[in-house]
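So this first bit is one chain, no partners, the form predicted on its own, shown in structure tokens.
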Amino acid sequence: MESQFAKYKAIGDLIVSQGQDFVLSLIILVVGLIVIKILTKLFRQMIGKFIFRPQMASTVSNIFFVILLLIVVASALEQAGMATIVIRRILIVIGLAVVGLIAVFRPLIPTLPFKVGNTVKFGDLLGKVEATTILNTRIRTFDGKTVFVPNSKILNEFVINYHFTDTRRIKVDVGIRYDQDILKAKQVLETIMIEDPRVLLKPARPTVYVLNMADNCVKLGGRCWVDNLKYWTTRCELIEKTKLRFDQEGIIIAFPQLDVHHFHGDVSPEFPGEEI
């Protein structure tokens, strides 16, 4: 009984004598983690201006995070009373191992083909990426819905990232009647695209093609390139300008129609043997 009481007394004396150091080490650890998070975020934003490859920027940021974390953990353990030499040896081994894993195996780890802020589509889902975690991705659709998609499903699907490149091609297709001036219509449509300041000359100049001679129209297709962020508004306004300019130029846009021929009396039909 006395021996058990002596053990409890020894534990109590240890807590009294070392309690302050443990509290200080815990404070160092908590405050250090908060500071590390802030510094890593600022560091990632800073190197993003100089390193244009997202994968490389992410790797450098992770190594920076590990170095800061090791410094904070070493300070906390030293405050708790652990020998400095032991701490250094342990942290050097752990640090080298973690940095090696990040640098060597990072390219082999599957990554999502988009980042926060990109407009993406997979399956029937179209929206903007709001956040990503290890387990899922949060998508905000353009009709206001929030969808959580498992990352495993995304990695197994075809994904369209509309912001992966800086530019995107706009298609303006319009059908005109067969009795209209095709060359004039092509020239007007090309002028509409060239006059818009948002339309780019690279990677290709605005061009108009004759796409098809359909059942009730000659189909023209205008093609031009714009910045990704300006795609939707530019496309809508080019379509509107096309309708208004065609009306001004007297170019008639075709619409689905059916010609009906009615024969009276004993007028013979155009094709022999056919009854009306």
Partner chain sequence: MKVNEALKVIDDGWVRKPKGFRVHFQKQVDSEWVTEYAPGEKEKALDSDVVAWRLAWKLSEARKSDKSENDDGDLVNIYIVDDLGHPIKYYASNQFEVFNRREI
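Numbering follows the first chain given and starts at 1. A quick note: this is a predicted structure, and the numbers were derived from the prediction, not measured.
Another form, the form predicted in complex with the partner chain, is not on view; read the next lines as being about it.
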query	finding
Candidate stretches 68 to 76, 184 to 192, 155 to 163, 112 to 120, one within 4.5 Å of the partner chain in the model of the complex by heavy atom	184 to 192
Of Val172, Ile176, Val199, Val149, the one that lies within 4.5 Å of the partner chain in the model of the complex (heavy atoms)	Val199
Ile27, heavy atom within 4.5 angstroms of the partner chain in the model of the complex	no
4.5 Å heavy atom contact, Leu244 to the partner chain in the model of the complex	yes
Proximity of Gln45 to the partner chain in the model of the complex, heavy atoms at 4.5 Å	no
Non-hydrogen atom contact Arg205 with the partner chain in the model of the complex at 4.5 angstroms	yes
Residues from 225 to 243 in contact with the partner chain (non-hydrogen atom within 4.5 Å) in the model of the complex	Lys230, Glu237, Glu240, Lys241
